[in-house]
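Okay, here we've got a single chain as structure tokens, the form predicted on its own, with questions on binding and movement later.
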């Protein structure tokens, strides 16, 4: 399933956007719709809402009951800024129909309505499908605007020729059929999904549990959501993904191979067996640093009183061991959940000590992020000295940012061996080129 954001501007061709939406939903995509005020004169919001199962938005100031999420996704814990949330979560933004006025606004970088503001903030591929009278379409101003958008990486879906809205008129300016619009959208999705084709990605997620007796254990609060988001994003980009899941209870992301483990030792064994064949390791699991040295084989009884002090022993440092044996063409990404001041400083030390390429640091002292949350706020530090902060966002968006950094490192090192060369359609490059 992909997230498709559809922008509908004013014009008689807006009725075709309904069929495009219906086809996209039938193909398994989650669709949200933004309409301009003018488009509502041609097609009402209720029609799109009935097809998508989600409220249509028309204004930046209109509250979104879904808080920027798409149908089928969990509701975020807080209300984001609507024109940012919808498009930053989208895999493709299709504007169809795009009127001459909307195209002019997009070219000028205007943000005077929700549709254009979302386009200006789009990190995903953007496609524009013009629809208007032939005289407006062939006008030098419109043609210059379309060329400018195309030069910025926006996909232009050329209009068809045929009967136009004005009685008796025939010419160029018809919005392409819905099936063609969906085909263009899915081609953009396929390009993004294929950006990691041929890569083997190993992801760990969740938290290990170290037994005290046959019932009790030492554990941590990791839910596994971050690791699952990374696995889902890597699979979306076309990678062959193996997910080592420790006590998560989450549904496996589509297209991933899952190995379930319980303890740190089991996770270490799984990683040891899978590491040599992977190209990228994303170590998001919270692995216990210590475990009971002599766990009881049966249940410790309350009636027997407080047991003797539990002696702890260190577990294997899985990431350090893998870092020490990594190949030059492998990328290792670690995660560090720190508390309070000095989080990034400690992360930089950990990056070097464990021979990592990237470390994702999050300060779990901040409320509403990290463990047991759908959101996170991180700083990504890399071995090449780059450092960037990713503001609070859903973990799917954090995953996207992390994998973008991995792509950047692979491209800089010349390890992109998938036959795409310097023009390889990396997810990061595709998204940035598509900005309006």
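For clarity, every value in this text was computed on a predicted model and none was experimentally measured. Numbering follows the first chain given and starts at 1.
Only in words, not in the display: the form predicted together with a small molecule, which the text now covers.
Which among 97-105, 346-354, 129-137, 178-186 is in contact with the small molecule in the model of the complex, heavy atoms within 4.5 angstroms?
Heavy-atom contact with the partner occurs in 346-354.
Establish, in the model of the complex, whether 331, 380 and 404 all lie within 4.5 Å of the small molecule, using non-hydrogen atoms for the distance.
No: none of 331, 380 and 404 comes within 4.5 Å of the small molecule in the model of the complex.
Since only the chain is shown here, I'm wondering whether residue 235 would be in contact with the small molecule in the model of the complex (any heavy atom pair within 4.5 Å).
No - in the model of the complex, heavy atoms of residue 235 and the small molecule never come within 4.5 Å of each other.
Quick one: is residue 283 in contact with the small molecule in the model of the complex, heavy atoms, 4.5 Å cut-off?
Because a heavy atom of residue 283 falls inside 4.5 Å of the small molecule in the model of the complex, the answer is yes.
At the 4.5 Å heavy atom threshold, is residue 335 in contact with the small molecule in the model of the complex?
Yes.
Distance check, residue 316 to the small molecule in the model of the complex, heavy atom within 4.5 Å
Yes, residue 316 lies within 4.5 Å of the small molecule in the model of the complex.
Select from the listed residues 245, 157, 199, 287 the one whose heavy atoms reach within 4.5 Å of the small molecule in the model of the complex.
Partner contact (heavy atom, 4.5 Å) among the options: 287.
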